[in-house]
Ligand SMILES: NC(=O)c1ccc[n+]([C@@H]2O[C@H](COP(=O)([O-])OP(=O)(O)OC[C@H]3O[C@@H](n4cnc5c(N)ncnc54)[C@H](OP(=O)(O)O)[C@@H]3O)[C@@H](O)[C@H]2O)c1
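Before any questions on how it binds or moves, here is one chain, the form predicted alone, in structure tokens.
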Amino acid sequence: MTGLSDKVILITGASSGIGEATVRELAATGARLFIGARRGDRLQALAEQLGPNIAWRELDVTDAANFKAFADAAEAKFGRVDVLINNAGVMPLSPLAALKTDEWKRMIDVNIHGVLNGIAAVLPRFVAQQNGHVVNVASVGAHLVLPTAAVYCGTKYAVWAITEGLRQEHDDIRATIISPGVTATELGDDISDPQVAAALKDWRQKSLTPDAIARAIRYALEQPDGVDVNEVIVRPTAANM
């Protein structure tokens, strides 16, 4: 296992859930973390709590220029960028027949374009330094489709494909997909269909806590440069899918 104390790591969606848990997990390694999300007040509180190796900036992952400015600010602060963890995501589930097209667009913008914007912001740096690691948080939904989750699963299948393509195109850049099973986070709090929201609440009776996913991310990052953990699927032991 390789220490992370010399790494500069960008984390999106860092204000809650898996992102916040990952910040806390990686802060314990001594890594320098540059964290982003829309809720700057939460980022500020987290950074103040964890110390001087944590810096923050508000981030809208759907805005390519904003994401580039985020990566530029991280490099200005810490001198380089070694890792990007694309964690930001949304999951407003609904049946296709409900025709919630605005919610479909939002999932595509955040879950797919957000990942691509992150890759675009760091890839030239990684190519130039012949080293880097992109970790994309997908979902067990990248491997199965459930009713009400067609669009969400479609976005996570896309994240899987994008990550695999990145891995194949670059011999000196590591690419990892982390696919969580059901996890107790704010994901899905924006579901507008009452029946679907109730079903998700029932499904989450058997869930992981976000720190389980954070530990999987840390495991992938701590491998030596010549070892690329391509994918980790983390499910609750009691899960049946």
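So that there is no doubt, residue numbering starts at 1 and follows the sequence shown. Note that the structure is a prediction, hence the values are computed from the model and not measured.
Beyond what is shown, the protein has a form predicted together with the named molecule; the following relates to that form.
Out of the listed residues 74, 84, 137, 93, 137 is the one that sits within 4.5 Å of the named molecule in the predicted bound form by at least one heavy atom. By the criterion of a heavy atom within 4.5 Å, residue 223 is excluded from the residues contacting the named molecule in the predicted bound form.
In the predicted bound form, none of the heavy atoms of residue 215 sits within 4.5 Å of a heavy atom of the named molecule. Under a 4.5 angstroms non-hydrogen atom cutoff, the named molecule in the predicted bound form has residue 39 among its neighbouring residues. Although the partner is absent here, residue 23 is not a contact residue: none of its heavy atoms lies within 4.5 angstroms of the named molecule in the predicted bound form.
Stretch 57-65 is the contacting one of 169-177, 57-65, 25-33, 44-52, since its residues have non-hydrogen atoms within 4.5 Å of the named molecule in the predicted bound form. Heavy atoms closer than or equal to 4.5 Å to the named molecule in the predicted bound form belong, across 78-114, to the residues 87, 88, 89, 90, 110, ordered by sequence position.
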